[in-house]
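Just the one chain here, the form predicted on its own, laid out as structure tokens.
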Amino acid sequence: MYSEKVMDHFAHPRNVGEIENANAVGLVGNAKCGDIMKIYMDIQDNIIKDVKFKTFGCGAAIATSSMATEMVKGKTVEEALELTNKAVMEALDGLPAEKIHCSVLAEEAIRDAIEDYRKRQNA
């Protein structure tokens, strides 16, 4: 059902936790399945220096959060905005059809955090 990469990111998630004084925070959820993702970023000079997450949800939600944070860490804000749920799924060697929404949430959480960052910069 799940690839080895999904199982690895579920059993050993990367970048779990919070960033104190994060300058970008994204929060998304899906009421239908109950998954909630919160992404914290430390963005300096337009580069995502650190990123962490807290996810309440199934194994696929945790795995996609973990993979998405790995994929944007060290990237520019613009590069991170190009991350798609398809890219997250491909990096995990696929997801079952009924779990695709988890990769969409990961993409949305990254975008929500960057939107928060931009609002803070213009405040």
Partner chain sequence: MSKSVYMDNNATTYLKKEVLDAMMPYYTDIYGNASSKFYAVGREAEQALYKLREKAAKLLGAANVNEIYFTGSGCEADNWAIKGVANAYKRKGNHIITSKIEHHAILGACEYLEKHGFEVTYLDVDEYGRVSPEAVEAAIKDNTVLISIMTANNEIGTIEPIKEIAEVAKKHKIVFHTDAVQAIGHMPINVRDLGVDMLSVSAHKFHGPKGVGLLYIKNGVRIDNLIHGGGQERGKRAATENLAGIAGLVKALEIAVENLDKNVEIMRDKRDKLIKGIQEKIPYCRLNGPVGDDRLCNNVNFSFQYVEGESILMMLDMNGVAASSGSACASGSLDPSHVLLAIGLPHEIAHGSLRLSVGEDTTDNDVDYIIEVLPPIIQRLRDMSPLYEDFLKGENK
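Just so it is clear, the model here is predicted, and its values are computed rather than measured. Positions refer to the first chain, counted from 1.
One more form of this protein should be noted, the form predicted together with its partner chain, which is absent from this view; the next part is about it.
Enquirer: Does at least one non-hydrogen atom of C102 fall within 4.5 angstroms of its partner chain in the model of the complex?
Expert: Yes, C102 sits close enough to its partner chain in the model of the complex that at least one of its heavy atoms falls within 4.5 Å.
Enquirer: Might K54 be said to contact its partner chain in the model of the complex, defining contact as any heavy atom within 4.5 Å?
Expert: Looking in the model of the complex, residue contacts with its partner chain include K54, since a heavy atom lies within 4.5 Å.
Enquirer: Consider I62 of the chain shown here, and say whether it contacts its partner chain in the model of the complex, taking contact as heavy atoms within 4.5 Å.
Expert: Result yes; I62 sits at the interface with its partner chain in the model of the complex.
Enquirer: Does any part of D93 reach within 4.5 Å of its partner chain in the model of the complex? Heavy atoms only, please.
Expert: No, D93 stays farther than 4.5 Å from its partner chain in the model of the complex.
Enquirer: Can you work out which of C58, A87, L81, M71 has a heavy atom no more than 4.5 Å from its partner chain in the model of the complex?
Expert: Going through each option in turn, the one that passes is C58.
Enquirer: Suppose contact means any heavy atom within 4.5 Å; which members of 15-47 contact its partner chain in the model of the complex?
Expert: V16, E18, A31, K32, C33, G34, D35, I36, K38, Y40, in sequence order.
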